[in-house]
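A lone chain, given as structure tokens: the form predicted on its own.
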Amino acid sequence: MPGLRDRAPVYLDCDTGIDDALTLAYLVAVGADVVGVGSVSGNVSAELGARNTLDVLALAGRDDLPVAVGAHDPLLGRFHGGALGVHGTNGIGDVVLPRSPADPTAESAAAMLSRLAREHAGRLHVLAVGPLTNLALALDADPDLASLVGGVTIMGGAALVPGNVTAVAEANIFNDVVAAARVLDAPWPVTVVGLDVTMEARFEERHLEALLAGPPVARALGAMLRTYFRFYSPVLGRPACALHDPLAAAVALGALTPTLAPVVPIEVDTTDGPGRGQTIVDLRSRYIGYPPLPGTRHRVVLDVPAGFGDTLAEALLGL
């Protein structure tokens, strides 16, 4: 797993809603070596996600980063229209940001990923915080891709906790189950940062108040978070929100070391029954004396140190 000190180049694949916007700002704040960003339909359409990404990056002083538009529809079926009730009609809490002078690149997100994997062979880390359609398309188009990428971290899935779309399925996995299965079947190491830990990593009301009283970038993010808090406060029982994507970014960068992350087989249920979208994590190897299980190359993060909300707020207030 690359650490901040290693300066591993990062390709970010996202569906820029509110927690994606926090992630973009966090990556800029900590000086991550982001070499490219791709958009995918999820929280919003891939096209709107790319525009949100460009505008957030420009606000954070990084309008130089290339952003590519990715897949509009999942591998099977059509884009469902987004999570407007969670992220607002424009994906970023209905906050209107200054328009970035930059436009998306001409290449697709899948093509960008393949190109960057060759330019940074063996070193590129893929951080995917939306549906995995672009990664699956890149794998299909480039048989060598998995061997060229240093590692993959995804925000997705639920191992021991309920889903957030169905009883068992998390949104990023559910929104393109075929792509998720393809990504986890590929011969590259994947770290899965799912609802087991992201629902427990939170911004509280004091974090929101600090951002709203902070410098311009922090204030804009705080304004977005008002919408996120409106959704999550009834879920969590108090004014707060979950920090899904930023937590995955911190794990990917090595800025946050999980306290429990076993290497286990992981499969995605692609059936049409009630289990569709479930990440089936085989945890039998946690028991002493159980024989090693085949296909154990992926880590699932089950526990992380407390206090990430404080760490994230501090970073964002520094922009």
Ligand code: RIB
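All residue numbers are counted from 1 along the displayed sequence. Note that the structure is predicted; figures quoted are calculated from it, not measured.
As for the form predicted in complex with this ligand, it is not shown, yet the points below apply to it.
Chemist: Answer with yes or no whether residue 227 is in contact with this ligand in the predicted complex, where contact means some heavy atom within 4.5 Å.
Modeler: No, no contact at 4.5 Å.
Chemist: With the partner left out here, check for me: in the predicted complex, does some heavy atom of residue 245 sit within 4.5 Å of this ligand?
Modeler: Although this ligand is absent here, residue 245 would touch it in the predicted complex, with heavy atoms inside 4.5 Å.
Chemist: Does at least one non-hydrogen atom of residue 125 fall within 4.5 angstroms of this ligand in the predicted complex?
Modeler: It does not: once this ligand is placed as it appears in the predicted complex, residue 125 has no heavy atom within 4.5 Å of it.
Chemist: Please determine whether residue 172 contacts this ligand in the predicted complex, using a 4.5 Å cut-off between heavy atoms.
Modeler: Output for residue 172 is yes: heavy atoms within 4.5 Å of this ligand.
Chemist: Quick check on this chain: which one of 136, 97, 240, 195 has a heavy atom within 4.5 Å of this ligand in the predicted complex?
Modeler: That would be 195.
Chemist: Please pick, from 109, 180, 92, 155, the one residue with any non-hydrogen atom lying within 4.5 angstroms of this ligand in the predicted complex.
Modeler: Looking at 109, 180, 92, 155 one by one, just 155 meets the 4.5 Å heavy-atom criterion.
Chemist: Taking the partner as it appears in the predicted complex, which of 115 to 123, 71 to 79, 162 to 170, 98 to 106 has residues with heavy atoms within 4.5 Å of this ligand?
Modeler: Checking each option against the 4.5 Å cut-off leaves 162 to 170.
Chemist: For a quick check, can you give me the residues of 28 to 52 that have a heavy atom within 4.5 Å of this ligand in the predicted complex?
Modeler: If the 4.5 Å heavy-atom criterion is applied to this ligand in the predicted complex, 28 to 52 yields only 43.
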